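The chain that follows stands alone, in the form predicted on its own, written as structure tokens.
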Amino acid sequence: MMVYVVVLVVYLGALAAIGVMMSGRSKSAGDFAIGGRSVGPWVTALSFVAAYYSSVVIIGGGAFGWRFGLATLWIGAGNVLVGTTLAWIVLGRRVRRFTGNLDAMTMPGFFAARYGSPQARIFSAAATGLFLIIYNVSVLKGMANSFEVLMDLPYWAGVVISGVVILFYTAVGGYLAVVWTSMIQAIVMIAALTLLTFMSLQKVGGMTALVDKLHAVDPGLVHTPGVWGWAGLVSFTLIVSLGTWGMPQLIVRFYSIKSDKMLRLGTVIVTLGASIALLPYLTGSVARVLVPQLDSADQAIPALTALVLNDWGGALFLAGVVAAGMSTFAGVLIIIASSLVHDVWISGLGRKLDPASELRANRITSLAVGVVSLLIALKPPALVLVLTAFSWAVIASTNLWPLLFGIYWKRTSPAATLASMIAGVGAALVWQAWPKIGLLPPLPDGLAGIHGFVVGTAVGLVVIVAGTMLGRPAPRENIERAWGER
């Protein structure tokens, strides 16, 4: 216990110190939300890795590896290729240029400036804010599960310890504190996952022995799609890979980088860092062999850590899980606070705030949202990755197509954009709730495993394309500003 306490006190103290150091550099709402667009490629790339591959991926990915076996490695591959590399290539440069041209600090703010649609701003801010809180609950749950297993702390204590430290450095230091702490957290997380993978494979006897032992448990654990089935595997791969294209806490990294020319180096760095996405699914499969009896699949990675690592290794891994979760949670707090204050309170409701008051409102709002997430996390429902997939389905259905079409297709209609948001979210929610609504007939077997994300984004795509073909484009002035022609 003393080893764990020493490592965590030093680590968490360093994060709090960074928050204090960065507090003096957050002098405006723009500094608080996007760091004044002054962040370099290394910090941007590694903070993206930490925000993406959070405790949700480490704990939740390990749980899915434990339940479904080696087929889940395809999810990690999708995370790297689609969710990271392709996202940086397709979105990075244009998002940086367009948001700079439009002086947009948030994704809802971009929609308002690009399309001249205050309704799209309000809908995006409301849907994103609500379901990011749900996502934050899953992040806190992942961290608390690790404290629970590795330090024998009560679940609630893990939630409180994690939440309090994050709330402090986020509210004090703003976005710059978040990205700089996230860079450190990414390094810790990569080291921890690499160590756990090496030691657990050594314990099980190597990859060949792992495959043989999994096959003895259930042949479906070593084949694709295996025990999961194609519908579930493809749906979850899409939602946690393509879904990132609509996640504001990740896209904001493109807003804040100092120059779009730095994105080329950043793409190389982020791809290398993102390769760790494969490791939780692999180690989760190892855990199925080494710790086959668990109360919850979410305990697979913490239980494996306790089995194969010594105290110092376990402390490093716990720091890695906490690091991953904190970087994501903090980034989400910044996004929600900025959207509520700037997009809802100031722009939506027409309330005027001077720069100092707006910065103070951002800090207070981030604290309030964090406390709400913390309270919900004390009694969370479902598995970590299930919570994540549900919230990502709604957020991606809201933001993905309006963002992508907004930076590539001048003709995209404001009315079609808003309709796509509403239709996509409605379709995702109805599809997810379908099995629980007794008045509706059950879904056919071939469709039952498809996640609401696939349905919501498919409906949103059809609506935005058809609506644009029939509707009018945004005002010419908005289009010219976005494309840098004015």
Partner chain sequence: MAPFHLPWLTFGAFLVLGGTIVLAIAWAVIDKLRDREDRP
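Numbering follows the first chain given and starts at 1. None of the values given here were measured: they were computed from a predicted structure.
Form predicted in complex with its partner chain: not shown, discussed below.
For the three marked residues, L86, T208 and T271, a heavy atom of each sits within 4.5 Å of its partner chain in the predicted complex.
Checking K379, K352, R411, K261 for any heavy atom within 4.5 Å of its partner chain in the predicted complex turns up a single hit: K261.
Residue L278 is the only one of V204, L278, M183, L374 with a heavy atom lying within 4.5 Å of its partner chain in the predicted complex. When contacts are judged by a 4.5 Å heavy atom cut-off, V80 counts as touching its partner chain in the predicted complex.
Interface residue remark: Q119 is not counted as part of the site for its partner chain in the predicted complex, having no heavy atom within 4.5 Å. In the predicted complex, its partner chain sits within 4.5 Å of a heavy atom belonging to T224.
Shown alone here, D311 lies farther than 4.5 Å from its partner chain in the predicted complex, counting heavy atoms only. Of the candidate stretches 296 to 304, 69 to 77, 357 to 365, 169 to 177, only 69 to 77 has residues with heavy atoms within 4.5 Å of its partner chain in the predicted complex.
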